[in-house]
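For reference, the chain that follows is the form predicted on its own, supplied as structure tokens.
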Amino acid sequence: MNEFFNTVGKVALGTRLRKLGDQLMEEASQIYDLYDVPLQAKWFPVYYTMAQQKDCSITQIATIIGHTHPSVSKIIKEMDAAGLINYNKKSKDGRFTTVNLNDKAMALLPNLIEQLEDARDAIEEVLDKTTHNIWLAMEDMEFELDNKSFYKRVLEKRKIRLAQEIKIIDFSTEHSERFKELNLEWIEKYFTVEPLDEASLNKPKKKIIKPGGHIYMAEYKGVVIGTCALIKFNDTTYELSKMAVTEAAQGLNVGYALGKAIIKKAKNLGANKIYLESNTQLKPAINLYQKLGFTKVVGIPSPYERSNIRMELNF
């Protein structure tokens, strides 16, 4: 293992596997020459499948070997240029439907079988001398990545790391303008600002905090990027309202952090229920509320014209 892999570590797994793959592919070309089999190593999965399956479509070959349709189509064209392919056409429109190996290609099969036998014995010898069987390990890793892609796993780790940098702080007078800006950003994008909005956004301390509610602000690297309010309805019921996260910060789980903080605050204030008014057009928001434990309720009219769904969380 060279110095680069020693320094970078397992994060360079893909690069290291590609390096190993390149080495094997380069030697494979020499091995094909050794057995007088004029095939390119990358053609092998397609050639082998066609040797076993007569009259295959490109789609069938791609499915069997786990390649994309375009990549198989490209290999077929390359093999055709080497004079190894027969095309079968439909009688009506003349389009190609299936392909198979011609006599020239099939004549290579005996030598290829000998090559495969020797190559299989050689690779088994290598695997027997390794502490960890890379073939079995790759099966395990492919299984895990099929269940959840590497990209999704990195995305989750990124969210966790960034979430640790988000601070949920209490509202203060200096946040008044930012509280209003954050909410107008999403309301004006999707709906129309209503009188109830104007009342709470213009005077948040008077309309929300003094009657017994609370407002949280989310701060990331010194910048306020989100907010959420808890409005008192009565001694045991509060409304989750005015949740807003600036578009530039969406995807950092800011809304979830604000929602958890608001729920905790409501419990501390003695609430046994929180409700919210929303619109089904805001699918990410609805998904967030469900993740927080809210469920849809019916039969209660909303004071907001834009609201077409009410959700509740009972403690």
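Start at 1 and count along the sequence shown; that's the residue number. Just so we're on the same page, rigid core means the largest C-alpha set that superposes within 1.5 Å between forms. Worth saying up front: this structure is predicted, and the values here are computed from it rather than measured.
Just so it is clear, the following notes concern the form predicted in complex with a further copy of the same chain, a form of the same protein that is not shown.
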Options 267-275, 46-54, 285-293, 254-262; stretch whose heavy atom lies within 4.5 Å of a further copy of the same chain in the predicted bound form: 46-54
Heavy atom of G21 within 4.5 Å of a further copy of the same chain in the predicted bound form: yes
Any non-hydrogen atom of E27 within 4.5 angstroms of a further copy of the same chain in the predicted bound form: yes
Contact test in the predicted bound form: R16 vs a further copy of the same chain, heavy atoms, 4.5 Å: yes
a further copy of the same chain contact at H69 in the predicted bound form, heavy atom, 4.5 Å: no
Complete contact of D118, V126 and E142 with a further copy of the same chain in the predicted bound form (any heavy atom, 4.5 Å): yes
Contact assignment for a further copy of the same chain in the predicted bound form, among K189, R158, K210, K77, heavy atom within 4.5 Å: R158
Among the candidates A163, L109, V193, I134, the residue which, in the predicted bound form, approaches a further copy of the same chain to within 4.5 Å (heavy atoms): I134
Shift of Y275 between this form and the one not shown at or above 2 Å (CA, core fit): no
T63: Cα shift of 2 Å or greater between this form and the one not shown (core-aligned): yes
Per-residue C-alpha change between this form and the one not shown, M25, threshold 2 Å, rigid core fit: yes
